[in-house]
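Single chain ahead, by itself, as structure tokens, in the form predicted alone.
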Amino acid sequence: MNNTIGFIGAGNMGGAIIKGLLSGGTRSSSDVIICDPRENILQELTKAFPGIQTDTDNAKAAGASILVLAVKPQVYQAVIQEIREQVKPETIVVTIAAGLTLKKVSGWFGEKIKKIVRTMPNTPALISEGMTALCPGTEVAEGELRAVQDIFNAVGKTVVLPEHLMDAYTSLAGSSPAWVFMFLEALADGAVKDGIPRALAYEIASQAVIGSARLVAQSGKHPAVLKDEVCSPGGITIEAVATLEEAGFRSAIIRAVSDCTAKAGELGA
């Protein structure tokens, strides 16, 4: 079989994956086929990566050895019905839609396609700092899964999870950037209230969050330990922690994760 990767959809997420894959030298431009109805997006990608194959007809990507469906969840069924006669049984189909189970996607292909890898990347993939969970179907071989993992490793980190954890993962990594952005906005609003110019407030808050996240990832310390190290007895930080606790800061986040997980499950029902 050929060694090409086909993308149906080149919007924010699809475009980020394509750019990461090609910018990092993981694949050559000639290995990639991109289909999208928006000609301006295809022209931009062709200009950035000479040699890629592009088309507005989704069927042109259906013959790739790995086919990434980077479209909105609500159009998955229509896109699959459009291309399923052209997709070969040995093709590895990769989905990036929240809530869509392996069984549902396989059913839309008429049970013809068995090699399906369900994934969920997040928006930091736009700057190659993404986190992607992968859930392979039972027919996906170890080497085939690695090939798919290589695609997403080009835009961040990856983890392999069983399907029953995918909805919870969607909350934890797929949706949580929105909550982090809300937190950053609120931090900046507080700083602006206290006199710091808004642009500078965003810069400072962003770096504080980036540095804190890296400290958790690299130090190996429990987040609670790192929190305690900042909170001096009778100090200003513990005063703010008490205010956040009184407002239900942590319990609100826990509820948000649970509600998000439940909603993801509804989408796959």
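None of the values given here were measured: they were computed from a predicted structure. The first residue of the shown sequence is 1; numbering continues from there.
Heads up, the form predicted together with a small molecule isn't pictured, but that's what we're talking about next.
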Quiz item: Out of 75, 184, 196, 159, which one falls within 4.5 Å of the small molecule in the model of the complex, going by heavy atoms?
Solution: 75
Quiz prompt | Of 149, 171, 106, 122, the one that lies within 4.5 Å of the small molecule in the model of the complex (heavy atoms) | solution = 122
Exercise. Consider residue 8 of the chain shown here, and say whether it contacts the small molecule in the model of the complex, taking contact as heavy atoms within 4.5 Å.
Key: yes
Quiz item: Taking 4.5 angstroms as the cut-off for heavy atoms, does residue 227 touch the small molecule in the model of the complex?
Solution: no
Quiz item: Does the small molecule come within 4.5 Å of any heavy atom of residue 20 in the model of the complex?
Solution: no
Quiz item: According to a 4.5 angstroms non-hydrogen atom cut-off, is residue 12 in contact with the small molecule in the model of the complex?
Solution: yes
Self-check item: Stretch in contact, per heavy atom within 4.5 angstroms of the small molecule in the model of the complex, of 139-147, 107-115, 160-168, 92-100
Solution: 92-100
Quiz item: in the model of the complex, do 189, 201 and 208 all put a heavy atom within 4.5 Å of the small molecule?
Solution: no
